[in-house]
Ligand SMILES: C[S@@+](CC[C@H](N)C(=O)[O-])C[C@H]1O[C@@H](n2cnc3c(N)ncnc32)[C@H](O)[C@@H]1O
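What follows is one chain in structure tokens, specifically the form predicted on its own.
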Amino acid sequence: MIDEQASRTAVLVCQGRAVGDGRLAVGRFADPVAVQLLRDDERAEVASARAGEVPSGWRARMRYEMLNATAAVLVTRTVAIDDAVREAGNPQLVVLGAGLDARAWRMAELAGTVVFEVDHPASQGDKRARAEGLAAVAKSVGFVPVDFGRDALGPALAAAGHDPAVATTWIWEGVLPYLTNAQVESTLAVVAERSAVGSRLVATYPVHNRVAVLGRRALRVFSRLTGGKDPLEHERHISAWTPEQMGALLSGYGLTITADRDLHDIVRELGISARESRFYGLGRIAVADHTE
């Protein structure tokens, strides 16, 4: 993401959750807050995708297909992450690269939890403006502005009131593809340093997927040909891991993987059609605990 520009991917992710609310994985997924975080034009696109009527025109059709594919991805990983957060039940929750995450406003299970949202200052400013007037259900929500390429995460969390002696659940959702190895390692060092026994890291990560790479390139070219804007223009995937590599990475920071699943398996369990989302790639979700 470029400096001083709020993340467009965060908007797309929020739209995906809004498209899926009440339509996908009913009984396992619900996010009525997502649509409230969107602007009027963004809500209109969601309404079109939810209507199920394929629009005419290539640009509108591309947006329609992207939003429905994004919904399949987002509903799937949201269910998996929320389950892991509930299971841990920790009194602190840190959302790394929070974007337009709505958990502090929709998860009743966080009523006794102190939530810290960490994100780029530009994206966080946009989030705070969008969330103004919404009542959080979490015990409290603290906003921690951090540019991962420049700022030190540890001191920022300490200044915000995060207590390293209290168990923390860390959510790292949809962020790892955009980080360099050095940024990943420096973030994990802080997570390890500030994780009391009982802490948990829940991270989604991309695997090497040639089809997904081609899909993103095709989206870029198609956007140019139709006069549209590539929503991922400034947020390129630069990193990917195998499950073995991810396990070794996390264990090096004292975290023991207790689950590492292909999100396609969860898609099938939830009965979600993921034909389009396979083209973009779903990746995996790892749950790792600090047990000693």
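Start at 1 and count along the sequence shown; that's the residue number. These numbers were taken from a predicted model, which means no experiment stands behind them.
One more form of this protein should be noted, the form predicted in complex with the ligand, which is absent from this view; the next part is about it.
Scanning F116, W105, Y178, Y205 against the ligand in the predicted bound form with a 4.5 Å heavy atom cut-off leaves one residue, Y178. Checked against the ligand in the predicted bound form, the residues V146, A84, A131, V190 give one hit for a heavy atom within 4.5 Å, which is V146.
Though the partner is left out of this view, S123 does reach within 4.5 Å of the ligand in the predicted bound form, counting heavy atoms only.
Using a 4.5 angstroms threshold between heavy atoms, V94 stays clear of the ligand in the predicted bound form. Not displayed here, the ligand is approached by R77 to within 4.5 Å at the level of heavy atoms in the predicted bound form. Residue contact check for A10: one or more of its heavy atoms lie within 4.5 Å of the ligand in the predicted bound form.
Look at 167 to 175, 153 to 161, 85 to 93, 134 to 142: in the predicted bound form, residues with non-hydrogen atoms within 4.5 angstroms of the ligand sit in 167 to 175.
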